[in-house]
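The form predicted on its own is given below as one chain in C-alpha cells.
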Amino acid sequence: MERKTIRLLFVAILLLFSSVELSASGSEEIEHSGANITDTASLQRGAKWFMNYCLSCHSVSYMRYNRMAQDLGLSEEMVMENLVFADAKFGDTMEISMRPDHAESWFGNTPPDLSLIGRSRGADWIFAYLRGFYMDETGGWNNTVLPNVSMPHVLWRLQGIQQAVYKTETGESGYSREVFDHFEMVSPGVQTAEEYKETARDIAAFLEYVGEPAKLQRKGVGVWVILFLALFAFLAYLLKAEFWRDIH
C-alpha cells in the first residue's frame, strides 16, 4: 500500500513539472504585451479604437456605457459624442445592430461576443492576435496566432499589409515542418510599427478590463488589505510581548 502511494505521488510530481514546462514553452511563443489596466489613458485609447473598429461586429454585452465612463474617467457627453455610433442610450449595454443571420452569411459564422475574451485568453494573446494578421497566398487574411480565422483584418489601414515568412525546421526524428519566422511589410499603414504596437496594447488592455471591471477596484482594495494585515500583525506582536513579558 505504501509503495503504491509513493508511486502515485511520484507520478503526480512528474505531471506537475511537465505541465509547468509545457505552459512555459507555450508562453515563449507569445510576446508579453505590457498591457496595464491601471493606466487610464491606455484604457481610454483602447476604448476609442475598439468602438471605432470592433464594435460594429463584436458586442461586449456584459459592459454598459455608463459603467465604462465611470471607470475610465469619462463624462456622459464625451461617451455619447465620441464613442456611441448607434441609437444606444448611456445606460445600455454595448450591443451591435448587425443581425446574426447577416453575420453568418457574410463571415461564415456569427462574430463572438468579446465580453470575456480578455479573461479567457489574456491580454498577451489579444496583443499577439491583433499583430498576427497577414495576407496569404490566396489573397485573403490569415493569422499566425489563430490560423484560418474567418475574421478580416479590420485594423489593416493602421498596421498596413504584411506577409508571413516561414522557415523549415527539422526535428531530431528527421521530420521537417514549416514554422513562422517573421513578417515582411508589403504596404505600410498610417501608423508606424511602434504606434500600431501601442494601439494593439491599448485594445488588449481595454478588453482585459472589460473581462473583469472589478479588477480595478480589487487591486486598490488589496493594497489596503495588505496594510491592514501588516498593522494587525504588528499590534498582535505588541500584545503578545506584553502578555509574555513577566513569564520566563
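One rule holds for the numbers: they count along the sequence shown, beginning at 1. Just so you know, these numbers come straight off a predicted model, no measurement behind them.
The discussion below concerns the form predicted in complex with a small molecule, not included here.
- For the options 145, 117, 74, 96, the residue carrying a heavy atom within 4.5 angstroms of the small molecule in the predicted bound form is 117.
- A heavy atom within 4.5 Å of the small molecule in the predicted bound form is found for one listed residue only; from 125, 90, 156, 166, this is 125.
- Heavy atoms within 4.5 Å of the small molecule in the predicted bound form belong, among the stretches 79-87, 173-181, 108-116, 134-142, to residues of 108-116.
- Contact annotation: residue 63 falls outside 4.5 Å of the small molecule in the predicted bound form, judged by heavy atom distances.
- Using a 4.5 Å cutoff between non-hydrogen atoms, residue 68 does not count as a contact of the small molecule in the predicted bound form.
- Using a 4.5 angstroms limit between non-hydrogen atoms, residue 161 is distant from the small molecule in the predicted bound form.
- None of the heavy atoms of residue 201 is located within 4.5 Å of the small molecule in the predicted bound form.
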